[in-house]
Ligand code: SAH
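The chain below stands alone, shown as structure tokens; this is the form predicted on its own.
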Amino acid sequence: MENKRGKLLIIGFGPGSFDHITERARKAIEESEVILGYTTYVDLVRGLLREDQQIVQTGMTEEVSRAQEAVRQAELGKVVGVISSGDAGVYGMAGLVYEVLMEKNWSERDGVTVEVIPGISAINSCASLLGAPVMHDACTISLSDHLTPWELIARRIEAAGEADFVIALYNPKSGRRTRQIEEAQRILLQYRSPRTPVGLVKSAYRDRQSVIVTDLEHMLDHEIGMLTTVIIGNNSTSVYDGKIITPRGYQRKYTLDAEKQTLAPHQRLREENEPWALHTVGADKKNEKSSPRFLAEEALSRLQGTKGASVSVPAVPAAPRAFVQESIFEFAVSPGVANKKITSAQLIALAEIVGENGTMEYTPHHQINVSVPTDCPEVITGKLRETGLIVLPVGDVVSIKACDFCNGEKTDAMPYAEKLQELMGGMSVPKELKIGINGCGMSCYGAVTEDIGLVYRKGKFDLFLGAKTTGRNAHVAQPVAEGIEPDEIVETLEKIMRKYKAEGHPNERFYKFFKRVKEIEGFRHEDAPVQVLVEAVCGD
């Protein structure tokens, strides 16, 4: 029997109110067997979801993992709905999904079916609440430098300001990212009046909608956050009765105070009605002295006091150097699973590779995270491996953490730690996962506080699953087995990892996964005991 062909529905559901969701978007949500989206977006369309639909929610900045999970589910033959507020093709999920498909050499002919369903983007919904600010040439610029270098964003703001575009700023500010909106204002004040109208719209057509009309000079006096869209007028934009209005820009072609236009539509572009236009460029010699270019050069020569002299037209300055996207290679290095000692040769090699433009960060996990601009990562990894360093990926991968086995005196468990590193170190998983290994029952290295803990005791391994390392309800991992034979432990962990990798939701930490699935390879989940805080009594 032929496998069912999966389908990806990339759905833009507009600003968030049900009144502004298109009929096709509604039907696509209803048709989907699996719904993937940012948690806030899922909550906005909760009223359209069914109980039998699988809902996969992830946090902000987890767009890539959402796209990867959506493609994976569709390849299993499911109808998958990937939801975005606004339009899915404008700072939404459509591009990322296609990028994942491209990596898989997808083709429309024989791959999963893909449909992008448009929605109302923020620039449109926010403009409707402000009046008519986007009536002429406009652009959108995201101020988030999470994926785009700030140098490039600043150049785009500069170009839009100089060209007098109406500008819609997306993602203008967050809790940690506050400088960008201030810098954008500084750049635009070089090209526009401080009185240029600015609209600040937060949560358009949602419960906590806020609409503020201000100006470029005072825009930062108001609250601006990630849910705010900032619309900045051009030099023709004005405020009338609390509404921001940008003229269409064709005042010379019609009059607003006449019921009947003085020129019929077919007459507006005639040369006699637009004498300022460059109609006669390239005309014959007898009309040359009436051409706009001749008149402009004549005026310029009189201003310069050179009447009758030939006027040389200055050469157009060379365009600024185009921005070249820089490739950043991020990785981690470690001297070994159990070895914590870095040699001087390794440090020298690392310093030479990092140079002045890279960064190094020592982590609590006994490895150094490195970020280096380069187009040749294989050259870097080769040099570092020659020194004996282990080179590992960073991000949502498996990290093996082990004690130093008392400086090599208690070595019985070390081969198993090294085997786990060889098989699983750097493996891609739904969320970063750490496997801690202790070489004796003292467990002084804290293996039981990791996602998965192994404690070597009396010649065998005790297994711990699902620690939660942060938060008020943090807890150690649950002991699920004692006395696992050493030759079985690697295979046991491989099976656990395969299940987590295959069935874990994007961004789902291991302890949450263990709690959700209830059982992994025969090991059953039990809720951690609720901790009761008791006020300590001091004294007699």
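Residue numbers here begin at 1 and follow the sequence given. Everything quoted here is computed from the prediction, not taken from an experiment.
In what follows, reference is made to the form predicted in complex with the ligand, a form of this protein that is not presented.
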property	result
Contact residue in the predicted complex, from Y91, W106, F405, F331 (heavy atom within 4.5 Å of the ligand)	Y91
Contact residue in the predicted complex, chosen from N438, T229, T237, S399 - any heavy atom within 4.5 Å of the ligand	T229
Stretch from 202 to 210, 456 to 464, 185 to 193, 151 to 159 whose residues place a heavy atom within 4.5 Å of the ligand in the predicted complex	202 to 210
Heavy atom of N171 within 4.5 Å of the ligand in the predicted complex	yes
4.5 angstroms heavy atom contact with the ligand in the predicted complex for I452	no
In the predicted complex, E75 touching the ligand (heavy atom, 4.5 Å)	no
4.5 Å heavy atom contact, G81 to the ligand in the predicted complex	no
Within 4.5 Å of the ligand in the predicted complex: residues from 114 to 137 (heavy atom criterion)	S121, A122, C126
